[in-house]
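Take a look at this single chain, the form predicted alone, given in structure tokens.
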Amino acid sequence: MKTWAAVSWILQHGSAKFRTIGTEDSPGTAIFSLTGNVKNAGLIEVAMGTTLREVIYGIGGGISKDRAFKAVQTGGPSGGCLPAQFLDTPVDYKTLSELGSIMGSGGMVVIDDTTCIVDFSKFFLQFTQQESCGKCVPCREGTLRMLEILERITTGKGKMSDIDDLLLLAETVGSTSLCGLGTTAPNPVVSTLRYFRDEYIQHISNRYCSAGSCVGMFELVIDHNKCNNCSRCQRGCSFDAISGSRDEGFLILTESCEGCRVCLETCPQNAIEVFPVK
């Protein structure tokens, strides 16, 4: 649709005028679905060469709740994740590709410091693995093996050799898959290992998730000094992981908790706290 719109505009105004928009190598405009932890999410169109900072802080209004920016993924599920050091990077095909990301389908997902980068990359790999048609072995089996490794890491069962295995699988999947989905599927994992390797090492060596979002690496605890025993947490828990009564008080059963955080979101007293498990 974007191509047809551009063709129509070029026929009316000429190619020379079209090339005055954007950059020399990437003329015209880019359309993105700006989403994630930004104040103003939505579908946007900007001239090629506009910086990520201008998009995220200018159009997007900055990070939700004024939290710290952590990364932006461009290009959809197969796009790479770029950290804060690249906020002044111009958005164009060549520059994003050199940094390990893509223009792709025009997705732009912004995350803040409450997001676990390992879990974030796993989320997108889950999508591409499910979307694999299964025709070629590298994509069908390679993405599945990568996903299994990420599952281990985010549940505190990873080992240091998993990082090398991920990179080896990513190289194989990316270079030998038959279609574009397979060749770009490893991008989220490769880019986050490139820029956020420390978080992977934290998960593996210390069994620690700094964002407190990987189940098995954090626990939810009720602060009884704040709790008014309204029972909303217990009523909202789908896993029967909260015991007690309004008379006796409530306790979160760590062994039964699935980490969905519904209790955290529904508590009117902000009496539930997240503690990393080291």
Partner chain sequence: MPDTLALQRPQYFVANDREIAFFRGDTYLTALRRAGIEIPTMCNDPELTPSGSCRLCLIELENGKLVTSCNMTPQPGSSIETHSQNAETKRQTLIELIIASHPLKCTVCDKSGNCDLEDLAYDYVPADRLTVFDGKLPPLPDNEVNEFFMLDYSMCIRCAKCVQVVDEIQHCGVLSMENKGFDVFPSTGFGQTFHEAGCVACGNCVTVCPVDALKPLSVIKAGREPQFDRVKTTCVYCGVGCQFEFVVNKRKNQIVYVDSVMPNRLEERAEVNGLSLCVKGRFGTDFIHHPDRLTSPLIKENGEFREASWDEAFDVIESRFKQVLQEHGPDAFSILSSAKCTNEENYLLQKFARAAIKTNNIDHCARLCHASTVTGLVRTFGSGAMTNSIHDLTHDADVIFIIGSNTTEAHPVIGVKIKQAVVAGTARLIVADPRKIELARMAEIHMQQRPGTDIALINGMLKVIIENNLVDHEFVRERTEGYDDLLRELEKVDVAEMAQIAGVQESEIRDAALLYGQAETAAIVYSMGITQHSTGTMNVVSLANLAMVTGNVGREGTGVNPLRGQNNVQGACDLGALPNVLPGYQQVSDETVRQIFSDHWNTELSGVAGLTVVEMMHAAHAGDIKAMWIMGENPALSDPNVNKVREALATEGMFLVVQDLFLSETAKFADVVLPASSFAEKSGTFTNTERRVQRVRPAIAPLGNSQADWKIIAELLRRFGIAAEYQTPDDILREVASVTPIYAGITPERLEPNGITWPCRSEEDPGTRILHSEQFARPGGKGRIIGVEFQDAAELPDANYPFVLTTGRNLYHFHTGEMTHRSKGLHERRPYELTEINPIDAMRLGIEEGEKIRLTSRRGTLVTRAKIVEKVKPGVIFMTFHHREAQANLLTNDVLDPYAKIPELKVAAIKVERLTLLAD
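Please read these numbers as outputs of a predicted model, since none were measured by experiment. Numbering follows the first chain given and starts at 1.
The form predicted in complex with its partner chain exists for this protein as well; it is not shown, and the discussion that follows is about that form.
Residues of just one listed stretch (76-84, 176-184, 90-98, 104-112) have heavy atoms within 4.5 Å of its partner chain in the model of the complex: 176-184.
Interface membership of residue 135, defined by any non-hydrogen atom within 4.5 Å of its partner chain in the model of the complex, is confirmed.
Although the partner is absent here, residue 129 sits close enough that one of its heavy atoms falls within 4.5 Å of its partner chain in the model of the complex. The shortest heavy atom separation between residue 154 and its partner chain in the model of the complex exceeds 4.5 Å. Within 4.5 Å of any heavy atom of its partner chain in the model of the complex lies no heavy atom of residue 201.
Scanning 145-182 for heavy atoms within 4.5 Å of its partner chain in the model of the complex gives 145, 148, 165, 168, 169, 171, 172, 175, 176, 177, 178 in sequence order.
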